[in-house]
Ligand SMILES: Nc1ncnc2c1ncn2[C@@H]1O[C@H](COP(=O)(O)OP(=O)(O)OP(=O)(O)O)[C@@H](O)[C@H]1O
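Given as structure tokens, the chain that follows is alone and in the form predicted on its own.
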Amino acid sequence: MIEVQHLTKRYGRVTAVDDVSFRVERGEILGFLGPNGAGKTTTMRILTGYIPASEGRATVAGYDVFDQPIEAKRRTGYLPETPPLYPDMTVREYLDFVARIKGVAAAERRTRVDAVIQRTHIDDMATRHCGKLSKGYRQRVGLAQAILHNPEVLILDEPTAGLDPKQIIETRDLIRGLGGDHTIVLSTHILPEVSQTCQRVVIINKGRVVAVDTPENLTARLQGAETLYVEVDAGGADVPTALTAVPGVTRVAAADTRPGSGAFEVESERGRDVRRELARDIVTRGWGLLELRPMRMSLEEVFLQVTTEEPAAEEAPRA
């Protein structure tokens, strides 16, 4: 549904986006992550036809955003960082105006406006002027205008910025509900939002893609080994030695510094599931198995690992 090939954007000597490529399948929700200045917003503006690229190609719903910009835009809903509201219009007037310029048929216009007002929970603000809305409501009106013409593709830049916790949950639920019927690219700094909303993640740093995968696969792949959290009641026995002897186990380390806690991190060979063997060994020894679960890097740890450069080694002092 969205295909980006070798996209590059330069501003003079500054390269904001550097040879970026990725795909988004139909109905997929893709999380687009990166630190400030990484090139996320520039990429999204190129996809929506807001700015041209210096090099590369991008298609939306089968239409080239450079060669067929009108057709691509008709199939795209865009929520920029700052929602494009007119402060002197009421919410309903503004959405009716947007429906007109987006080509919603006159017979369907009122029905569509009513539908997006209800879906984004802004019905209590429908007669209020946009200039008098709180930041959270401005954000939700911006989301309403993005979905107003029922586009195939939604590009959402920080859709939950400025929302309170209740509104964030409602907006996440709304975005998840839109997935499947719509293909969504979601930019956010709120990493738990990606885990709870997105099927795949693209992480960009300094204009280049540094990781593409599902959140689960990223955490497993970057950790480099399968790791389990095991808690046992072993009555003071030498648990690490015993568990290290289980076939496939490569390392056992205490997971808690408290003496006698019985909690351990157990690493195994890549791609090997040793849970059954561990459980059998623990129970056979007569120990109590209190907990056994996989451990993964958090998405925050993944994000930091792929976007943080190792400091350069210090030069040796000269003679």
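Treat the numbers as computed from the prediction; the structure is a model and nothing was measured. Numbering starts at 1 and runs along the sequence shown.
Here the subject shifts to the form predicted together with the ligand, a form of this protein not shown in this document.
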Heavy atoms within 4.5 Å of the ligand in the model of the complex: which of the stretches 56-64, 22-30, 36-44, 285-293 has them?
36-44
Glu152, heavy atom within 4.5 angstroms of the ligand in the model of the complex:
no
Heavy atom to heavy atom, is His189 within 4.5 Å of the ligand in the model of the complex?
yes
Flag Asp173 as yes or no: does it have a non-hydrogen atom within 4.5 angstroms of any non-hydrogen atom of the ligand in the model of the complex?
no
So in the model of the complex, does any heavy atom of Asp164 sit within 4.5 Å of the ligand?
no
Just one of Asp96, Glu108, Glu81, Asp233 has a heavy atom within 4.5 angstroms of the ligand in the model of the complex, so which one?
Glu81
Within 150-176, which residues have a heavy atom closer than or equal to 4.5 Å from the ligand in the model of the complex?
Glu158
